[in-house]
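First, one chain by itself in structure tokens, the form predicted on its own.
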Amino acid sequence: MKKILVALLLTVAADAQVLRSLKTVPTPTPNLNGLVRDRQALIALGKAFFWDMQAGSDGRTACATCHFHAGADQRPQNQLADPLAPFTVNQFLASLDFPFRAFSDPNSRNSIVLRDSSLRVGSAGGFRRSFEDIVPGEAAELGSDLLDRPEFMLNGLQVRRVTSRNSPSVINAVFSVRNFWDGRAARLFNGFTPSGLAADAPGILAWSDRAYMRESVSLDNASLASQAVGPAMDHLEMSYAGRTWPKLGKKLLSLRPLGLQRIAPDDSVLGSYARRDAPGLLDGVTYASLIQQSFEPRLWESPQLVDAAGQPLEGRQGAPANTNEFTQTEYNFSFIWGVALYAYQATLVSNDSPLDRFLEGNTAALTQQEQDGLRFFQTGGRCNTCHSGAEFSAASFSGVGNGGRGGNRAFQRTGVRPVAEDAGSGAGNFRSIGLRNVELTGPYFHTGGQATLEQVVDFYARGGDFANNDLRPFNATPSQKASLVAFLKALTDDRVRYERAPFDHPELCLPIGQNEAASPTFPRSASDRTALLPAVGANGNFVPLRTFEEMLKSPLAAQPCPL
């Protein structure tokens, strides 16, 4: 047994990390002493935030809307964008659309180009609107339509705008030193923005000796918190343009958590809080109560009201009289949101794949074909040069160490598209993304331009689609390619495949495209086609999640959501 493992665990790159079970890798953790009082309550708060559709300005868009399927997004309609050229909106994607750049010989990028497109498969986010105000007790915010690009119009009606990059999975993202494709979600969380820079954050208000003290925030190992505060205020993803964190805090604190969604009674985190006969959490379980359970009192207990800049309002204590007066909790909401979402997403670790069991000594956990694929992954394919270690990413904490920005393999220019189309973190470099559960997280690359793992293997075999400095073509027989794909599928954790704890979740109403009829509340916007994702409890589903290729052949059925 020992000889077999030694042979299979060869590393050919000097900077590659030793392959081992992910169970042996500690989860990176920020120091929350003096800030957090109950981590289990914090996880519950974070899970509620992540799945709550009321967080979006439209009252229908959650973090999970773009990360509902193995932590990624597999909707096949109204998912296209092109920052460089006109395109047709609201398309249904089909298998024949992929790959976006096709060659007469899939093994050679110098062969005849049969098809080429600068399109991106992103994620449908929000409508382009300006923020006016919240209405306490209402999930939908007040806003007005803004003129959009012609491409985001359907018969004179605006549609949901689409991001220009594909949504990476949030599962195992806790191991990434910097998140987002371009790494702009910093390792240090400043409590307010993804950048991590102190200059970009006003700090939080702490209550001490009956007075406010402003404290700067710099939490290490907290890139997930930095990432979390990006989409919530992004006017393309979840927010109307101009919304602020205190306004979001004020709105959510006025609402029943997950008030539009049912929660399974055996939900691994929220089950004990869930109403059995109606959507949302129990009457006594509010966002305020969860925050007070989770965080130290000095972050929320003050009766003194403040303005939008955090300045105390003279003579104003207790309940706000209008939407421009804020409690301490509301003012600190960006910090609360980021830390809570970090805590929940840090539990989304998939470390029980067949490969993990094989590395732990169960030689029957991988088939012979999968073992052959592992060997080719580490030798002829040189895949572990960038996708190294237990996390299968050189941009992970194991791969980067304490340097913070990663080695020369953490961010790579792999020739997915020309640099001029998207510079990534600079010079066309993008994060070496983890490969666990990759079977379920298509389409692939930051453009979403490859639909299947077979197409991904062909891409690497030809050394990318465009000139680059970081990929060398490799020769592989059809049998070797099939083995490599089989190995990649052996990185899927069945708990993810069947949505078992901790990957279970509340109900979610998904926008899956646009109708040509107007919205009843915004007559200049198209109404949504929707699909209902049922709540799943700790024991998971009887049927597995589908691959992107399967989703293309049989999309989610449209159905009205009982909202």
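Computed from a prediction, not measured in an experiment: that's the story for all the values here. All residue numbers are counted from 1 along the displayed sequence.
Not on display, but discussed next: the form predicted in complex with heme C.
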Residue (of L154, I433, L255, A102) lying close to heme C in the predicted complex, criterion heavy atoms within 4.5 Å | I433
Residue among N166, S350, Q74, S302 with a heavy atom within 4.5 Å of heme C in the predicted complex = N166
Counting only heavy atoms and a 4.5 Å cutoff, which of 198 to 206, 469 to 477, 284 to 292, 112 to 120 contacts heme C in the predicted complex?
-> 469 to 477
Is heme C close enough to F50, Q227 and F377 in the predicted complex that each of the three has a heavy atom within 4.5 Å of it?
-> yes
Does the 4.5 Å heavy atom contact test between T385 and heme C in the predicted complex come out positive?
-> yes
Is there a heavy atom of E237 no more than 4.5 Å from a heavy atom of heme C in the predicted complex?
-> yes
Could you tell me if Q54 has a non-hydrogen atom within 4.5 Å of heme C in the predicted complex?
-> no
Quick one: does G389 come within 4.5 Å of heme C in the predicted complex, counting heavy atoms only?
-> no
Contact check, 339 to 362 vs heme C in the predicted complex, heavy atom within 4.5 Å, ordered by sequence, gives L341, Q345
